[in-house]
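Below you will find one chain, with nothing else, as structure tokens; this is the form predicted on its own, and questions on how it binds or moves follow later.
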Amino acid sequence: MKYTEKEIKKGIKIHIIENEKFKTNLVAVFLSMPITRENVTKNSLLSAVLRRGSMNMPTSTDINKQLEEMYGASFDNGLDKTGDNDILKFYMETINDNFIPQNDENMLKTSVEKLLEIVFNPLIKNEKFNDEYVQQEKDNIKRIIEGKADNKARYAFDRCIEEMYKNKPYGLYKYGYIEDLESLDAKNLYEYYQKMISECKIDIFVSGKLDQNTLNIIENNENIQKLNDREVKIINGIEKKEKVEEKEVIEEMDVTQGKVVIGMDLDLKNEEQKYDALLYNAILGGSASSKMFQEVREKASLAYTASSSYVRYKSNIFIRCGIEIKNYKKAIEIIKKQLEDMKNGIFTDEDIENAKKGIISSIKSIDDEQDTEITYFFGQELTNNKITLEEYIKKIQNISKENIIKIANDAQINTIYFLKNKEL
């Protein structure tokens, strides 16, 4: 695997990932900007409207017909909240030109053109988006927002974040808010799109068996050439964590299983400690051999599920458990015991080695999937922290027990969120 990047205009980068192991090429366009209450709902709606049609492919049927003609290519898009940034993502996957039966078409060029057409040349008439598309997608997003409590585990996780980051960007719901949908229409959404597309950070990724012409194909694309320079405004860097008083939030809903989410702040001093935090999380709750799984689920039988995750963009650890509602206090007690044990270094060299092996195995598998490769390099772009996979592995290998204990002692519980049944 070989990775290169080039800034073709200020705030617009092309990222080339050459990997011989795939029979497909994956092209991705990421539009990044700080997330705000004013714009989060607009971005959600915009992401959905853009996929509906472009000037040269005005309907979903036209897009699908084009994909079929491209030997069954696939197109997808999505929306992510990454740290304090909103990311609109667009993907197109096509067969590599070397595997086309009659090599009479430059499939990479075609896929780049079609994807950039969808993102940068949307269907516009009379200075606005298609009214019908906008209204349909408003209805769809309204249903998503109204149904966010359907997945109770995800709902509890989102609610914990919302409580931790109340009135702050990271606390915003990525699909936005129903009350903000009401004022959006085809005209003002297009006006927002024009402003956003001229200001957002743009990253274009291509992964696959590529040649030297790949960069030229993108640089010379008419939709890229019409874009302007821009000042990058994304938010990154280590967030300073202030000492806060631990708070408990209990919410009642019609549930059969209690959902516990414990949000913790990590007060990291430098970028290197992010690797230590990764290992801390792995030992705490990142695998089947972790403390959460073994002590809370297996030995104490207090949880159906018990794990933890590390959100590196915000320096947070989230402990998540599905429990019998009556076991809440006991479960919290045992979870806090594991946190104290980590602070006191009550974990073994074997725990450390198992955690390192698990993380290193994940690092080695990054280049096994094209979307994983792209996610890895985009994460580095957002944090402005560029390291190779080999360097990444070495950093994990060099972490000591003292490094992990330091993280444990710089971690504090911010919020305990508990979703329980109304009757218990």
Partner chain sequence: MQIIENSKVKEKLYIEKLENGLTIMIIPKKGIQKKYVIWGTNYGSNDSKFIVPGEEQVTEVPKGVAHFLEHKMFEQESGVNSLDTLTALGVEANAYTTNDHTAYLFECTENFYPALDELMDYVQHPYFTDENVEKEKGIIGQEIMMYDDYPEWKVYLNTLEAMYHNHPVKLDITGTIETISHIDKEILYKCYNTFYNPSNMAMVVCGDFEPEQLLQEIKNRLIDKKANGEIKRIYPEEEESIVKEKIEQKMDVSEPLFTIGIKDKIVNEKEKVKKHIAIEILLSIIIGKSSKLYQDLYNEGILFTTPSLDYEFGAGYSHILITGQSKLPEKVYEKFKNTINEIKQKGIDKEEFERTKKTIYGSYVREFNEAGEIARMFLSDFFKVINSFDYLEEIPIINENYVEQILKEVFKEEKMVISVIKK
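Keep in mind it's a predicted model, so treat the numbers as computed, not measured. Only the largest set of C-alpha atoms that superpose within 1.5 Å between the two forms is called the rigid core. Residue numbers count along the first chain shown, from 1.
Missing here is the form predicted together with its partner chain; even so, the following discussion is about that form.
- By the 4.5 Å heavy atom rule, the three marked residues 21, 140 and 358 all count as contacting its partner chain in the predicted complex.
- The partner is absent here, but in the predicted complex a heavy atom of 72, alone among 78, 237, 345, 72, sits within 4.5 Å of its partner chain.
- For the options 242, 231, 245, 150, the one in contact with its partner chain in the predicted complex, meaning a heavy atom within 4.5 Å, is 150.
- A residue is said to contact a partner when one of its heavy atoms sits within 4.5 Å of a partner heavy atom; residue 324 meets this definition for its partner chain in the predicted complex.
- Under a 4.5 angstroms non-hydrogen atom cutoff, its partner chain in the predicted complex lacks residue 381 among its neighbouring residues.
- Looking at residue 68, you'd find a heavy atom of it within 4.5 angstroms of its partner chain in the predicted complex.
- For residue 52, a non-hydrogen atom is located within 4.5 Å of its partner chain in the predicted complex, even though that partner is not displayed.
- Partner contacts here mean any heavy atom within 4.5 Å of its partner chain in the predicted complex, and among 273-281, 132-140, 215-223, 192-200 they occur only in 132-140.
- If you take 244-269 and check each residue for a heavy atom within 4.5 Å of its partner chain in the predicted complex, you get 253, 254, 255, 256, 257, 259, in sequence order.
- In this overlay on the rigid core, residue 95 has a C-alpha that sits 2 Å or more away from its partner position between this form and the one not shown.
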